[in-house]
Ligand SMILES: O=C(O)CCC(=O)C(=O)O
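We begin with a single chain expressed as structure tokens, specifically the form predicted on its own.
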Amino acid sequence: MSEPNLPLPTPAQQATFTRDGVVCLRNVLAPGEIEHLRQAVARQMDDLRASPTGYDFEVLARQVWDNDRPIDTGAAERFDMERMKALVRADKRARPLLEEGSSGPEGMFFYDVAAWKHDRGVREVAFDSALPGIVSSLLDARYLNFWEDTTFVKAPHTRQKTAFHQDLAYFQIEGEQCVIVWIPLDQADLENGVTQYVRGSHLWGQTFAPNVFVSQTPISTSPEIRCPDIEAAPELYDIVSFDVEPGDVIIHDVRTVHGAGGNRSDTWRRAVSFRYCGDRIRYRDRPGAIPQAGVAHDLRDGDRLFSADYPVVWPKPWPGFRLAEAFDIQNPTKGEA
């Protein structure tokens, strides 16, 4: 099923995604949709110290690597950061992942999740833009669940890199029919920290343990093996990146290994990622997966993702149907922002 004028992937783009595990699509989102996301990110950043899910990983990394510096994450409680610090400090293979030079006074690596739960604009883009139809086509999915959104912001002169990692083991899912859509809200390239992908890594046949982003240190509760230290020898890997503008999107397979540099430029690099799961994905309370924010479901291992926490965003019951509007009618307290 498709809606009129839906910009579905071309056969060449589909072939690229299947072969490389990542594809860049141009001019997918409209300026108004990008503005919805920018406003949502601004609200998240304004709420940093009071948010239970918002972190500045640039500051956190300094706290992790300085034994004498206490951990201070404001109201954030999604991660046990004291335990993470101990884990990193005990890892003999760990090291700071920093760009050369010094951080500017405005340096920040901002992270937050689940804006869709309280922000109408995010829901409109996640549910009612061209993205669900595009992703459904890429995955050959009969239906599509929205899993979660994540915000990643690197301010100018932020040294902190994002360790190369694979997303699958971070999520409470089983199966491979899942993608992450990386949405730049500013021009992005290697200078200011666009995401980089190891081409073809989704076909390695390996699930890697989640790491802690500011280090390659794997989360100890995961039974999976450690992700390769790609930062130590990037020339050994087929790494690809894309220069992108607002409106473009980069879509990668949940198994594709990826990471990012710091922001060496004078410009901001704001981005939001959406995660979508196809009909062959099943719920699995995976050891080592990151606890989700605000979920209330009672799903068991092997269940389909039929829950209000994972709305079905494709197909639409009829062309032009606005799911975000229907969601707000059903959940009136979630339409404030």
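No experiment lies behind these values; they were computed from the predicted model shown. Numbers follow the displayed sequence, beginning with 1.
One more form of this protein should be noted, the form predicted together with this ligand, which is absent from this view; the next part is about it.
Engineer: With the partner removed from view, which of 69-77, 132-140, 177-185, 88-96 is the stretch that lies within 4.5 Å of this ligand in the predicted complex, judged by heavy atom distances?
Structural biologist: Going by heavy atoms within 4.5 Å, the stretch is 177-185.
Engineer: With the partner absent here, would F17, R199 and S241 each sit within 4.5 Å of this ligand in the predicted complex, counting heavy atoms only?
Structural biologist: Not a single residue of the candidate spot has a heavy atom within 4.5 Å of this ligand in the predicted complex.
Engineer: I'd like to know whether T162 contacts this ligand in the predicted complex, with contact meaning heavy atoms within 4.5 angstroms.
Structural biologist: T162 belongs to the contact set for this ligand.
Engineer: Contact with this ligand in the predicted complex for D167, defined as at least one heavy atom pair within 4.5 Å: yes or no?
Structural biologist: Close contact exists here: in the predicted complex, D167 approaches this ligand to within 4.5 Å, heavy atoms only.
Engineer: Classify Y237 as contacting or not contacting this ligand in the predicted complex by the rule of any non-hydrogen atom within 4.5 angstroms, answering yes or no.
Structural biologist: Y237: no, not in contact with this ligand in the predicted complex.
Engineer: Spell out, yes or no, whether the shortest heavy atom distance between V122 and this ligand in the predicted complex is within 4.5 Å.
Structural biologist: Although this ligand is absent here, V122 would stay clear of it in the predicted complex, with no heavy atoms inside 4.5 Å.
Engineer: In the predicted complex, which of the listed residues (S51, Q292, Q63, S273) lies with a heavy atom within 4.5 Å of this ligand?
Structural biologist: After the contact test, the surviving option is S273.
Engineer: Taking this ligand in the predicted complex, which residues along 258-282 bring a heavy atom to within 4.5 Å of it?
Structural biologist: Contacts from 258-282: H258, A260, R269, S273, R275.
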